[in-house]
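Listed next as C-alpha cells is one chain, alone, in the form predicted alone.
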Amino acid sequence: MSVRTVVQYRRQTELTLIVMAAAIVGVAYTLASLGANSVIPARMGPFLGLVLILIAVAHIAVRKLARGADGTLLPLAFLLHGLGFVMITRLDEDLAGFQALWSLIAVGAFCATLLFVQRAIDLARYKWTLFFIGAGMLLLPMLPGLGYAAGGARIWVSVGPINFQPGEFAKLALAIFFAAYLADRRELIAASTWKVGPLRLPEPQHILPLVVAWGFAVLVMVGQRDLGSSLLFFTLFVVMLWVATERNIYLILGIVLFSGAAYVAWRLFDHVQTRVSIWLDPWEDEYGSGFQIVQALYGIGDGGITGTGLGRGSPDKVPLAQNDFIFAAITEEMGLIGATSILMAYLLLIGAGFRIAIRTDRTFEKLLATGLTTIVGIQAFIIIGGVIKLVPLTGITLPFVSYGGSSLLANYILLALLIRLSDAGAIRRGERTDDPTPRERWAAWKLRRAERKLAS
C-alpha cells in the first residue's frame, strides 16, 4: 500500500467514524428532548451546527497537521464528549451552555497543540520547565485569595470570572517530565546497582529527582484532599517506571506502598474514613453522607438492561450528577447497553493509546504515550469504579464526559499529544512523508542565506 493510500485510508476512516459519532449524538440529543418534553428540541439547529463545526475543525486540523495519525482517537473522543454533553443538557441547560463554550475552547486548544507541537520529541527538551510549571500549578490552589475549596477539596483557582482546576494541566506537564527524565536515565535506573537488603535499587542520584517530583505531587494533592488525583499520580509514576525499566519489582513495590499509604491515610484523615465507610455501607447513613451514592445506585438499578430511556429517568435526584456521577445518569437512562458502550469506547481509546506506545521505537515517545493513556484509563476506572461501588469514591471527572472546562480542555490537549505521537510513529515507519515544519523551513532558509553570504 503506497504512502498516499495509507494516509487517505486513515483520514477517510476517521471521517466516516466521526460522522457516525455525530449521528449518534444528534439522535441522542433529540431523544433526550422528546423523552423529557415530548417535543423536538428548540435548539436542534444550533446544536447540530455546533457539533458539525467542532467536528469539521478538528478533523481538518488532523488532516493538515497530523495526517498519518491513528484514525480512531478523534471519533472515540467525540462520541464520549457528545454523549456527555447530551446528558449535561438533560440535567441542566445553563451548565450545557457553559460546556458548549468550553467545547469550543477545548477544540481550539486541540488544534493549537497540533500546530505548535509538530515534533513530539521537542517536548523532552523542556522537561524541567514543564516540571516547574506543573509544580506551580499544583501549588496554585493553596495560595490565599486565589485558591478555594469546593466539595471538600482545595483544588480550585479563581482568576476574575474564570474558575479552573490547575491540577488537570499539571498532570500533563508532569507526565511529560516523567517520560523525558526516564528516557534519559532508564538504563542507569534499570541497572539497579544499589543493594538495600534483598532489594537491588537504582543509585539514589539517578532516581532521587524523579521520586522527589512524584512525592511532591502526591503530597500536595493529599494536602488538598484531592484523593483521586493523588491515586492517579501514584499509578502514573509506577506504570511509567515499570515500562521504562521493564522490572516487575516496581509494580510489586507500588502495590505495597499504595496499600501502606492507603492504610495510613485511613487512620489519619477523617474524610478518608468517611469515604471508606460510604463505600462499605452507604445505607448506614442513606440520607446523610451516603445520600449521593445511594441515589446513584437506585438510578443504576432502575436503568436495567435498556435504561428508562433518554429524558425519561430521574438522574437529577443525584446531587451533582453532571460531575462525578454522570456515569450513573447515563446508566439510568441508557441502561446496561449504554453503560457498556461507554466502557467499550474507553477501552478502544486506551487500546489505541497503547498501540501508539508499542509501535514507536523512541523511548520518550513510548513512555509519553503510555503515560497519557494511563491518565485516561486510570481516571475513567477510578470514577466509574467509585460510582458502581467497586472502589471508594474519590471525586474525579470522567474524561471527555463530565461537566467541567478544565477537565475538557486538558483532555483535548492530551488527545492532541497522542495524535501527534501517532503521527510521529507513522513518519518513522514510512507510512507518510516527513515534511519539514515551519521552524525547520525557517532554519534552513537562514542557513542558505548564511551560506550565500559566505560565498559572496
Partner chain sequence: MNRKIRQLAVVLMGLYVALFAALNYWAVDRTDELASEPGNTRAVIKEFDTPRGQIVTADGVVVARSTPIDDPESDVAYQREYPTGDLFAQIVGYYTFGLGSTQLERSKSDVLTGDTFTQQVRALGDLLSTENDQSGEIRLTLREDMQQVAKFLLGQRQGSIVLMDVETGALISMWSWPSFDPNRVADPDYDAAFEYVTELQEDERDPLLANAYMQRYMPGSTFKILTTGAGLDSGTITPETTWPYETEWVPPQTDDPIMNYGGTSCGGDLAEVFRRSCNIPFAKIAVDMGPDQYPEYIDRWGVEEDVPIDLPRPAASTLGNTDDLDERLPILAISGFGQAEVQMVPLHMAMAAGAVANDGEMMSPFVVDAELDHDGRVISRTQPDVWKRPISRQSAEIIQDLMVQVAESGTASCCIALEGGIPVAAKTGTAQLNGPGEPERSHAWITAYAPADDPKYVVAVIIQGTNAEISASTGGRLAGPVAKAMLDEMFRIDPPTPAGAPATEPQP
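Every value quoted in this text rests on a predicted model; they were computed, and no experiment measured them. Residue numbers count along the first chain shown, from 1.
Not on display, but discussed next: the form predicted in complex with the partner chain.
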Subject >> Proximity to the partner chain in the predicted bound form, single hit among Phe169, Tyr298, Phe258, Trp194 (heavy atom within 4.5 Å) >> reply: Tyr298
**OP:** Have a look at Asp285, Glu203, Asp302, Asp92 for me and say which one sits with a heavy atom within 4.5 Å of the partner chain in the predicted bound form.
**Re:** Asp302
Original post:
When you measure heavy atoms, are Ile60, Trp102 and Arg428 every one within 4.5 angstroms of the partner chain in the predicted bound form?
Top reply: no
Original post:
Exactly one stretch in 374 to 382, 132 to 140, 115 to 123, 75 to 83 has heavy atoms within 4.5 Å of the partner chain in the predicted bound form; which is it?
Top reply: 374 to 382
**OP:** Report whether the minimum heavy atom distance between Ala179 and the partner chain in the predicted bound form is within 4.5 Å.
**Re:** no
Subject >> the partner chain contact in the predicted bound form: Leu390, any heavy atom under 4.5 Å >> reply: yes
Original post:
Would Ser277 count as a contact of the partner chain in the predicted bound form, using a 4.5 angstroms cut-off between non-hydrogen atoms?
Top reply: no
Original post:
Just to confirm, Lys317 within 4.5 Å of the partner chain in the predicted bound form by heavy atoms?
Top reply: yes
Original post:
What are the residues of 340 to 376, in order along the chain, with a heavy atom within 4.5 Å of the partner chain in the predicted bound form?
Top reply: Thr340, Leu343, Tyr346, Leu347, Ile350, Phe354, Ala357, Ile358, Thr363, Lys366, Leu367, Thr370, Thr374, Val376
